[in-house]
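The data below hold one chain only, encoded as structure tokens and taken in the form predicted alone.
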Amino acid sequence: MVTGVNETAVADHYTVDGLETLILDALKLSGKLDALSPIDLAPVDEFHMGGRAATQHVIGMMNLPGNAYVLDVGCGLGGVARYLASECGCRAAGIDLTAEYVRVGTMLTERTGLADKVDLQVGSALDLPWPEATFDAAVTFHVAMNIADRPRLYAEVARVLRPEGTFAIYDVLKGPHDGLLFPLPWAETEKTSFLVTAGEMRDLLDNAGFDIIHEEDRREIALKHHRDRLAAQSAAGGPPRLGLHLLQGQTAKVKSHNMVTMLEAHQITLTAIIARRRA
């Protein structure tokens, strides 16, 4: 999610032909299409390590009031935004580069009866289309790995947040050991992958006007989640009808394997941060 051709490359990476049909067919086969709730979509619409459990944990640390207006930067299909609306009572806005994600996510929002509380739109995280101090809080889940201009990203989030607004970040970071294996869920090659260390992340947030109030490494939790998921798929003879493999195409298995390998080798880690915009 960087400017120019790289933004196009990132959007192309996440675009899946016929995604709406793939998801609706899987829901129909599962018998959930006619009475769809947000939790039914969790296997496919929470495209981050740890899935729904990670969403619950990170959002729970924000201590959001029920009437909060929250921005989801890099919203994907809108899973986190719908969680904020259905489980926390918030109004949520989401923005994402991938038009197919936003189109399908809007359809799913309507089918779950949350259209009055969740609004998803296509756009860049580096040029947020809202005035200053619009939101009470913001979240970004597994997004900044595609963004080279992180100073601009965090400055934009700070701009649209109200003073003392809460910002939750759940992202993959560079580990202490060098090396990456491609393809990955967020990138086919290094051309659209931009990881930073935990120390660099702290400096970036500080420079953007944020104070970190909580930080935790979730590498071991993510590693267990991925091992368990891969083992379950192996035992079942393949992935479930509805799952993240629908978003990752033919290389889904390779991408998941590479993630586990790099987590084990400390080449990547996973961090949750709760920060507050300075007044």
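Since this is a predicted model, take the numbers as computed values, not measurements. Note that residue numbering follows the sequence shown and begins at 1.
A second form of this protein, the form predicted in complex with a small molecule, is not displayed here; the remarks below concern that form.
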*Complete contact of Pro38, Cys88 and Gly113 with the small molecule in the predicted complex (any heavy atom, 4.5 Å)*: no
*Could you spot which one of Ala158, Leu205, Leu184, Ile147 gets a heavy atom to within 4.5 Å of the small molecule in the predicted complex?*
Ile147
*Out of Leu97, Met201, Leu120, Ile169, which one falls within 4.5 Å of the small molecule in the predicted complex, going by heavy atoms?*
Leu97
_Which of 129-137, 67-75, 174-182, 103-111 sits within 4.5 Å of the small molecule in the predicted complex, heavy atom basis_ = 67-75
*For Ala93, is any heavy atom within 4.5 Å of the small molecule in the predicted complex, or not?*
no
*Any non-hydrogen atom of Phe141 within 4.5 angstroms of the small molecule in the predicted complex*: yes
*If you check in the predicted complex, is Phe210 within 4.5 Å of the small molecule, heavy atoms only?*
no
*How about Val10: is it within 4.5 Å of the small molecule in the predicted complex, going by heavy atoms?*
yes
